[in-house]
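Take a look at this single chain in structure tokens; it is the form predicted on its own.
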């Protein structure tokens, strides 16, 4: 899932300067799961904004709304009647959701309330870790299900480097060496022959470096 964290409150307050009525819009997707942009977080941010503006003697009216996903036109359309009523939309979705809202509602500012951080998952509640850099050329078959691009600090496709010590990365003794994890995993699976194959350089054209990416499913096109 996409992991995000809420922007500092002072930054959100600056974005709201001069505005009289806004909508704080949550997303029921990834940011709800990682506890940063769902219904509860919309309520908390809205309350904080109201109290801060009331204290400053400059009240603000806030409409609170959460939709299933902000990265899907089907759900973005659900706030079509509300957007014209407000001065701006404060999106609590990831960066993709903010942009989908801005593309749909071109006449209204759409501001991000979150910083989008990485693609990962939950180790336990409130503890999230990066697991994928969406390079577009997945190597997990060769590496026992452990991503060398996301989890190796140097994104080495053939490792380990000379800096790892006792299974830890040289950048931080608390960070596991990804290639040590890969080797241990392949050994446990009886697949060390895969480690002995040298992986060629990635085709980075499938990565973000080649510009914005898209995927078109012809079987779903109408």
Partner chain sequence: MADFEPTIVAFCCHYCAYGAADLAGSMRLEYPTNIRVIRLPCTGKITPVFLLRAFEKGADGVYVAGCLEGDCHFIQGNLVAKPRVNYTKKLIQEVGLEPERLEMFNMSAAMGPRFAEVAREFTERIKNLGPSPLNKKNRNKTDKAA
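Since the model is a prediction, treat every value here as computed from it, not as a measurement. Residue numbers count along the first chain shown, from 1.
Just so it is clear, the following notes concern the form predicted together with the partner chain, a form of the same protein that is not shown.
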request  = Report the stretch among 52-60, 26-34, 183-191, 156-164 that approaches the partner chain in the predicted complex to within 4.5 Å, counting heavy atoms only.
outcome  = 52-60
query = Looking in the predicted complex, is the partner chain within 4.5 angstroms of a heavy atom from every one of 65, 77 and 99?
reply = no
key: in the predicted complex, residue 197 touching the partner chain (heavy atom, 4.5 Å)   = no
4.5 Å heavy atom contact, residue 43 to the partner chain in the predicted complex = yes
In the predicted complex, residue 204 touching the partner chain (heavy atom, 4.5 Å) = no
note = When the partner chain is considered in the predicted complex, the residues of 1-40 having a heavy atom within 4.5 Å of it are 6, 9, 40
